[in-house]
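Presented below, as structure tokens, is a lone chain in the form predicted alone.
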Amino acid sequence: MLSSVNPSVKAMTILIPGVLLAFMFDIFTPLAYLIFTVAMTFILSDIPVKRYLAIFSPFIIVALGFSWMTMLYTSDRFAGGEIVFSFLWFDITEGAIITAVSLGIRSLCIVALSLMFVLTTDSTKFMLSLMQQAKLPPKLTFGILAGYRFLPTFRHEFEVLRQAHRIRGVGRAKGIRGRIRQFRRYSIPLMANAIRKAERVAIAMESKGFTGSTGRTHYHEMKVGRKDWMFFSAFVTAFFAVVFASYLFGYLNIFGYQF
């Protein structure tokens, strides 16, 4: 189901909770929404669990690093409460721990929202949706799409170029000067090929009548239907429901102010 949701609506759906979560400094609100987001990702899509965990797991280490540094360098505004323990010359308070854990969970929640979008969205449909629903200029959207399509080609050309250098006896460079010369050997041919490809694409688009005007027809029309608005309403409503529940339980903390 997630793959069939309009990409622009999906992007707006994850943007609203992602921005509002930045103001939540309690643990309950981001944790509850993180559980909801991960659960909906698996329920509404066919993403393999192993693949999801393989992508999500490294961000847990990053979130732990954010939490640890925040706990050590929490500002006086958020570092209230009694001292729980001391580390070197740092006094870790209850407020510092809550702020640090909240930051880590918020980071993971934003990662979960981003993965839900990235793993269930086709890049071509996303560009078409931005052009048709968000009214982005066709020159910009088609340019981004063409550049995205060239990335696998550039990688293949780089591998071919490197193997060609090895066959001719040019090994890996050592030292800073050697690496600079190696970069020039790789970058100049790749840039020349990129310019040639860009010219060919430009000529092909002009020959097909592409002028960049906004009033153009589309072979594949992206539409926003009831299913898309139901998806948007469900995720945004769930976020505000979590905020309300956090307020009822006495956990809600918005930018250091307890409610």
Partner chain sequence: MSNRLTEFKEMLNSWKLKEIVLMSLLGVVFAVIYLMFYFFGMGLTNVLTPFGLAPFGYEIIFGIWFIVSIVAAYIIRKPGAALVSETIAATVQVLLGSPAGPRLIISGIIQGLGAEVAFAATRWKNYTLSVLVLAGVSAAVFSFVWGWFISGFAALSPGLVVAMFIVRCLSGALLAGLLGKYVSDQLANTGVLRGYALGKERQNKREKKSA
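Positions refer to the first chain, counted from 1. Each form is matched to the other, and the largest set of C-alpha atoms that superpose within 1.5 Å is called the rigid core. Remember, predicted model here, so these are calculated numbers, not experimental data.
There is another form of this protein, the form predicted together with its partner chain, and it is not shown here; the text below is about that form.
Partner contacts here mean any heavy atom within 4.5 Å of its partner chain in the predicted complex, and among 64-72, 45-53, 224-232, 31-39 they occur only in 64-72. Contact with its partner chain in the predicted complex, defined as a heavy atom within 4.5 Å, is made by all three of A11, F59 and A146. Its partner chain in the predicted complex is not approached by F259, whose heavy atoms all lie more than 4.5 angstroms from it.
Though the partner is left out of this view, Y247 does not reach within 4.5 Å of its partner chain in the predicted complex, counting heavy atoms only.
By the criterion of a heavy atom within 4.5 Å, I27 is excluded from the residues contacting its partner chain in the predicted complex. When contacts are judged by a 4.5 Å heavy atom cut-off, V19 counts as touching its partner chain in the predicted complex. Interface residues of 125-161, taken as those with a heavy atom within 4.5 Å of its partner chain in the predicted complex (partner not displayed): F126, M127, L130, P137, K139, L140, G143, I144, A146, G147, Y148, F150, L151, F154, in sequence order. Positional change of T153 between this form and the one not shown reaches 2 Å or more at the C-alpha, relative to the superposed core. In the core-superposed comparison between this form and the one not shown, the C-alpha atom of S187 has shifted by at least 2 angstroms.
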